[in-house]
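This document starts with one chain, in the form predicted alone, laid out as structure tokens.
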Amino acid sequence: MKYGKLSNYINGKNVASTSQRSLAINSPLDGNSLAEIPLSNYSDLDVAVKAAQDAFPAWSNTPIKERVQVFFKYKYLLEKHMDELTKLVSEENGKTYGEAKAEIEKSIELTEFATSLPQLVQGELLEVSKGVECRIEKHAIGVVASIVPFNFPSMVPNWTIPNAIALGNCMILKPSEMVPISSLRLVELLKEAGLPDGVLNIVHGDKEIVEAICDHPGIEAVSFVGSTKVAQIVYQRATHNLKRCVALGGAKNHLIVLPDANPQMTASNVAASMSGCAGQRCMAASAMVAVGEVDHIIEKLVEESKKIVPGDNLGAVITKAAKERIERYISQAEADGAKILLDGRNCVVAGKENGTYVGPTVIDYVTPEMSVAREEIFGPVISIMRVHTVDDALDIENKNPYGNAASVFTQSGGAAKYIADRASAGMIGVNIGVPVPREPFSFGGWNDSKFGVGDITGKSSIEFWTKPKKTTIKWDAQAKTNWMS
């Protein structure tokens, strides 16, 4: 094992778990053994929560302009260790070097936004009547938890760590048990940046520790990113235990392509959206809805997709089980009558025979009832459904239970607005295959792609990670008063 047996990180130290269960971690790139992590239990979590509770009074009472100094230094350290962090993400997740580097660059952007929070949480003050003032201040919630997925080992932890902690909270981070190593490196950099012990703690584990986080009375809020099935369970369990919760789930993003779309731009965008991060992202293109005569664009899409080479500019999927599941979807579509224009099954990369790769796959003549059209595949697969009108395309998009993202490819501003106004999704793209908002705008979908109110990123995350205190003040006993005072 390259990294050996890993421990939980509690109160600034590596702490062994009391659990007897563990999990071996292998690299998706080549199958090599990376590490072993403990599958922690409630007792391990309880130790971490107590450490966070002990750290909270001093940290929350530190002025925010002082708190964000940690993140100025952390941003510098992310930049300084860019190559190391990039290789680590690639190694444990299977991304290409370029994709992993982009993830670290996004982590830097997220951290940069957190350093601006003192200018965004100044509070409000108003003289509401003669001699009477009302004031609102933002206060930290307390101990919060962030449960993050395997597909972005650095970026998604940095969706929550900088904002939640800069706003005065102390955090328990539960990394995906499939990619635990990047998170441990991030917490080392935060300690080097000056973050006090106990403010951020890491507890490794699986379903048992997720349930413990939802149940623990010392945790005030929970954020979750993962599949819709688990997001629903986490949201219901956390809120049942009177915690605030935002749980982001899966997606089935539709790209609506009109005949007037720029062929080259559309084909390259759709191919990149379908295959980026091996399709393992909730913003990936999964279903292309072709309106009218767009065969010329589909032909270019296949050409562009053939340029995507596993092991070169296409990374691995996370596990052998994931590879097998994705290939079952492709085989089922073929059995159901769809036409495979480009087949990524049975992919083996020379020199990395134990890696878990799926080649880019383009499936045409898919119908809405097929499983590849309805379900989240989480692989480099695009399903093409053909319709006659824009309204037919919107009907397909609107009927899907997910609502993360939707895009339209056209040169018509009127058509773009018509579709953007009517698509049932929280993030819309016009001639953009991956319409991720940049800071300070927040990330979040609709429908079964998100459960809870508010967001965990961007400017709107302030409301989730804080609670308002309203103070009414009157000092001037001589002031003329009316019914408002």
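Quick caveat: nothing in here was measured; it's all calculated off a predicted structure. Note that residue numbering follows the sequence shown and begins at 1.
Separately, the form predicted in complex with a small molecule exists; it is not shown, and the next lines address it.
Proximity of Asp364 to the small molecule in the predicted complex: non-hydrogen atoms within 4.5 Å are absent; the residue sits far from the partner.
Shown alone here, Lys339 lies farther than 4.5 Å from the small molecule in the predicted complex, counting heavy atoms only. A residue is said to contact a partner when one of its heavy atoms sits within 4.5 Å of a partner heavy atom; Phe150 meets this definition for the small molecule in the predicted complex. The closest heavy atom approach of Ser40 to the small molecule in the predicted complex falls outside 4.5 Å.
Partner contact region in the predicted complex: 217 to 225, out of 298 to 306, 113 to 121, 217 to 225, 80 to 88, criterion any non-hydrogen atom within 4.5 Å of the small molecule.
Checking Ile330, Ala102, Val387, Val210 against the small molecule in the predicted complex, a heavy atom within 4.5 Å turns up for just one residue: Val210.
Of the residues Gly344, Pro180, Gly276, Gly205, just one reaches the small molecule in the predicted complex with a heavy atom at 4.5 Å or closer; this is Gly205. Annotation: in the predicted complex, residues Ser176, Val230 and Ala251 each come within 4.5 Å of the small molecule through at least one heavy atom.
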